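This document opens with one chain alone, in structure tokens, the form predicted on its own.
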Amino acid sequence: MKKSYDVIVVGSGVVGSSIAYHLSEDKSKEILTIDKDFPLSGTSGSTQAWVWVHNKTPAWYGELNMYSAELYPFLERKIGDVEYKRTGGIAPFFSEADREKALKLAEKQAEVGIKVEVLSRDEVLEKEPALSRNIAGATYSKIDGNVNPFRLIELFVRAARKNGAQFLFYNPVTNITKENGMFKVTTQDGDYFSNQLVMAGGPWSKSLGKLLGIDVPIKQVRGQVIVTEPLSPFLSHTIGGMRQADNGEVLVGYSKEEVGYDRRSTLDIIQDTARMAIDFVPALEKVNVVRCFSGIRAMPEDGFPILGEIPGIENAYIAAMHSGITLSPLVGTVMTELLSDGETSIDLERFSLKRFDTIQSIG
């Protein structure tokens, strides 16, 4: 196997594999992606996989997500069927007092082109009859949906390999230095060199950053999800908190806990999640839960993506964010523009690591 590459991407989750694929499209760069495990063994394989846009705020952040969601149909034409479904998204609210907030959300999102409707209870129930009659209304947008994360990452990797990119799995990165202008990436299986380096480690971005002498302001957040027994199709939209998969299972989850890298499921959160499910869809009260799982998400300290060049380290880049499933098509595209042309079609300044002005180099 070669030892020297144009680009090394560290991390093969939905963000890293998207960057590797998009970089490989014009076949002008030799690319190696390194991961300590196997794709989908971490965050990207333990998600409800919403492609979610409409109530992400402020509006500029919603706009970023909208751009990425709009790329999914084009992505499928290039890499194959990732089982992307633009189902439309419903976010119910249970109080009339929340209607004013919903109307303000719709007004702000419209400024950037996100179409959000504020529905009455009857209008929501007409779209999704299984929802509780206790809801007061909901926000709704056609742009939301979901995807099969397993198909998505498998096809990202397969397409990148077809374009000549290489992948190394089960190979932890233990050190990163710079020698004669090139990055020396030391792994369990040996050293690899590259002109450019992309850190796409998701929840492990902080520990990877330390290898470069930087403190990446990102937290590990646990999300717990319950999965029901397969049911006849009855939910046609992606709901804020749940969706029904093709096999009939309903996935429910909305928890966020800062517990480090602890992937255990806990009874209290599972019970809260089940209560939420029943509040939304009363018919789920008599349904069996067949399994639970937890995923550790990356969460930048201010909640927004960290994207672009790493200040002070020439040719080093970072892509770390929550909502990687939604954002991966756009992130792969703009990171490729940045590494190949030095400029991007979307201004990344507000996503720069530089915005964390209290962060100091620890190198």
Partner chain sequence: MDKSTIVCRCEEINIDEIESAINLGAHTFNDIKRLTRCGMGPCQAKCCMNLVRQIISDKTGHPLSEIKPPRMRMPLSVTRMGALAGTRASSVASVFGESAEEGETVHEEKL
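Positions refer to the first chain, counted from 1. Predicted model only: the values in this text are computed from it and were never measured.
Here the subject shifts to the form predicted in complex with the partner chain, a form of this protein not shown in this document.
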Using the partner position in the predicted complex, report whether L40 sits within 4.5 Å of the partner chain, counting heavy atoms only.
-> yes
Report yes if any heavy atom of E314 sits within 4.5 Å of a heavy atom of the partner chain in the predicted complex; otherwise report no.
-> no
Look up in the predicted complex whether R133 has a non-hydrogen atom within 4.5 angstroms of the partner chain, and give yes or no.
-> no
Using the partner position in the predicted complex, report whether S265 sits within 4.5 Å of the partner chain, counting heavy atoms only.
-> yes
Thinking of Y72, D122 and F234 as one candidate spot, does the partner chain come within 4.5 Å of a heavy atom in every one of them in the predicted complex?
-> no
206-214, 124-132, 187-195, 92-100: which one contacts the partner chain in the predicted complex at 4.5 Å, heavy atom to heavy atom?
-> 92-100
Looking at R158, R86, K178, K115, which has any heavy atom no more than 4.5 Å from the partner chain in the predicted complex?
-> R158
Contact residue in the predicted complex, chosen from K256, K142, K78, K162 - any heavy atom within 4.5 Å of the partner chain = K256
Judged by heavy atom distances of 4.5 Å or less, which residues of 270-295 approach the partner chain in the predicted complex?
-> I270, Q271, D272, T273, A274, R275, M276, A277, I278, D279, L284, E285, K286, V287, N288, V289, V290, R291, C292, F293, S294
